[in-house]
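As structure tokens, one chain now follows by itself in the form predicted alone.
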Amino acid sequence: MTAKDRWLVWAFLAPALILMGVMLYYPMVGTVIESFYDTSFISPEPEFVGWAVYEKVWNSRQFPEVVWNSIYWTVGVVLLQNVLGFFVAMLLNQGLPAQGLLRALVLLPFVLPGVVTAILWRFMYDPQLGLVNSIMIRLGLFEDNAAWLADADTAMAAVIFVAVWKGFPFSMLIYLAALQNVDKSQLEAATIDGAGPWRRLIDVTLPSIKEVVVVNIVLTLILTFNYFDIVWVMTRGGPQNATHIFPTRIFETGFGQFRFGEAAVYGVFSILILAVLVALYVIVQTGASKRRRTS
């Protein structure tokens, strides 16, 4: 490549690089700088305090709660979303009648905006008029109405259920595409050798799509950890901070309490965790590409 060609390449890349710098990297650097300044509603003028804000957040009661809630939320949603998505994909890969219609119906939760989904399920979880309590009581599982979103013991599980309901079609689509590329001759050979459905799944199907499974898990980890809409609209981090995760804590601390320095500290921790997840995703993708080239 000549010097002129290299300049041409950089000229074409420049608009995208400038846009990424303005929209992505500049706010990230600004967040790091903001984390060294202390502000409040009473004292809105930023005051440089160095690492004091980090120490304040690290030693606060809220920080371990946010960390634990974020782990609980992310692992719960990712695990259930991937398991449910995989088994629905397996079901839709069987050539069922009206398969096109079934796939369209399964995709409906995914295409709903997060805010609409949260408002819909808030009504369904309503202690007096909600459909969830009505069904539970009719089935004999509950005797009285439960305040799902107002009880610290059930709020996170209720929100996770909604996130899984909305997100599993995403995993289902990825797994369905992968299952359709599994070598049919290997499945037929396993059937002839006497392998049942479970053995075919363990010995043939999963090894054939393991790279897709790993990539999808890492991708959904990134998306779930950084998700905001459903948790905020349904619970605003409550009750008693039981559902506060990093995005909701950042929003409430910064725009609700005007403590932008503390919000920036939470943002820095969030960026570090996301950077690890993104690096893991890149490593997995790079490894998968190398294996495909060598195979």
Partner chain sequence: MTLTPSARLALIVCQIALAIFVLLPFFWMLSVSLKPATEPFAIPARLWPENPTLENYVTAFRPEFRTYFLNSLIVSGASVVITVTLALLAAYSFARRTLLILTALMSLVVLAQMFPHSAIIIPIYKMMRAADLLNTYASLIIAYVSVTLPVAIWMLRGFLLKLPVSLEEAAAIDGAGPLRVFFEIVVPLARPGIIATAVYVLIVTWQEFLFALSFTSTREMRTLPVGLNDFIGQYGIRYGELMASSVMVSLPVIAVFFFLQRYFVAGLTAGAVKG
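These numbers come from a predicted model, not from an experiment. Between two forms, the rigid core is the largest collection of C-alphas that superpose within 1.5 Å. Positions refer to the first chain, counted from 1.
This next part talks about the form predicted together with its partner chain, which is not shown.
Only one of 48, 228, 58, 68 lies close to its partner chain in the model of the complex, with a heavy atom inside 4.5 Å, and it is 228. A heavy atom within 4.5 Å of its partner chain in the model of the complex is found for one listed residue only; from 206, 79, 150, 96, this is 96. The candidate site formed by 86, 156 and 284 is entirely out of contact with its partner chain in the model of the complex, as no residue has a non-hydrogen atom within 4.5 angstroms of it.
Among residues of the shown chain, residue 241 is not one whose heavy atoms approach its partner chain to within 4.5 Å in the model of the complex.
Contact annotation: residue 53 falls outside 4.5 Å of its partner chain in the model of the complex, judged by heavy atom distances. Using a 4.5 angstroms threshold between heavy atoms, residue 73 stays clear of its partner chain in the model of the complex. In the model of the complex, its partner chain sits within 4.5 Å of a heavy atom of residue 123. In the model of the complex, its partner chain lies within 4.5 angstroms of at least one heavy atom of each of the following residues of 7 to 27: 8, 9, 10, 12, 13, 15, 16, 17, 19, 20, 22, 23, 24, 25, 26, 27, in sequence order. The Cα shift for residue 22 between the shown form and the other one, taken after rigid core superposition, is smaller than 2 angstroms.
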